[in-house]
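Here we start with a single chain on its own, the form predicted alone, put down as structure tokens.
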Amino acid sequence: MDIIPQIIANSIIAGSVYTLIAVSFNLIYGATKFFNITHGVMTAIGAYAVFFFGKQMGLSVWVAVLIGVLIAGMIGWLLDRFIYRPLREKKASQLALLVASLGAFTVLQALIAIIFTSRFQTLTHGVGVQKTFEIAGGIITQTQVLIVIAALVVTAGLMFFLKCTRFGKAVRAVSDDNEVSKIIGINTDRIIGIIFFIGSAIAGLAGILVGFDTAIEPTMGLVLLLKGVIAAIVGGIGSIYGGAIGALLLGFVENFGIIKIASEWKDAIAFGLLILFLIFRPRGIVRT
């Protein structure tokens, strides 16, 4: 079938977007062990920062992207510093942290809608007509190439960072046992704060790339969060490598699943995959 190469290309592109969300979500989850809902809205924050600084203020695209990534990372750090850290110090339950993140998500998403309205916006102003490439019969745009490259670089970079650097070893220690890490002298609050910055910045980058590929809206973060979390659970919650594997699998299952049915079923297919893994392999692909 002539459509198969394009479906494969679409699967890789979707899997790359999900990879950026899943690996950054797993990075934060591994250290904190709580479901950070605000991670989704970081995608919108990064995208709308680029929209403001690049399209409205007239800064160059690359400068606007850098600012957008940094703003997303900084807001993630601030949320941890002034909301999540005080709750952790008070030994708050995971449910309390979940509710706090839900509240922060709602507030931030509402602020974006108030400031920028709820209309769809584009980030393509000033970047010219996108080049397209044909690879083995599949068509892929310049932005989509960047999405795939970003997913590969971020995943490989995080894996190297966690395994081969001193700070990465401290992150793994905190992920394994927070209390023991404190006893041996690791500043766990500082480590977690930096993790929030890095993870939120990656989520912001994902939102920016999605914005250049399609469009942005204030509620875009919820869909991306759900797909990223599904990928994280399928691959192995808390695992960087597992998040990437789960994201790629989800991308292929979604896109091949709608060959014979309407594309509106894509989300149902994703949640169907999640349910199957929760029943038969709840620890994910890479977890034993």
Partner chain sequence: MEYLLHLAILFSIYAILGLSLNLIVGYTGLLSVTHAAFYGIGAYATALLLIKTDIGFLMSGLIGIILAAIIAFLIGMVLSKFDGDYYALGSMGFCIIAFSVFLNWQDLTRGPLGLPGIPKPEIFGIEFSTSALFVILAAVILIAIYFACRCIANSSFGRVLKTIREDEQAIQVFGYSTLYFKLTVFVISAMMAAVAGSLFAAYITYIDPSTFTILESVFVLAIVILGGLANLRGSLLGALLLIMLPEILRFVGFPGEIAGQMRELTYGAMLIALMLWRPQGLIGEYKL
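Positions refer to the first chain, counted from 1. Keep in mind that this is a model prediction, so the values were computed, not measured.
Heads up, the form predicted in complex with its partner chain isn't pictured, but that's what we're talking about next.
- Of the residues given (I71, A100, I191, I140), A100 alone sits with a heavy atom within 4.5 Å of its partner chain in the model of the complex.
- The partner is absent here; in the model of the complex, the one residue of V180, A215, L111, L78 having a heavy atom within 4.5 Å of its partner chain is L111.
- Contact with its partner chain in the model of the complex, defined as a heavy atom within 4.5 Å, is made by all three of I37, K90 and T106.
- In short, of 62 to 70, 49 to 57, 244 to 252, 259 to 267 it is 259 to 267 that has heavy atoms within 4.5 Å of its partner chain in the model of the complex.
- Looking at V229, you'd find a heavy atom of it within 4.5 angstroms of its partner chain in the model of the complex.
- When its partner chain is considered in the model of the complex, A31 lies well away from it, no heavy atom lying within 4.5 Å.
- Although the partner is absent here, L146 sits far enough away that none of its heavy atoms falls within 4.5 Å of its partner chain in the model of the complex.
- In the model of the complex, at least one heavy atom of L95 sits within 4.5 Å of its partner chain.
- With contact defined as any non-hydrogen atom lying within 4.5 angstroms of its partner chain in the model of the complex, the contacting residues in 204 to 241 are L222, L226, V229, I233, I237, given in sequence order.
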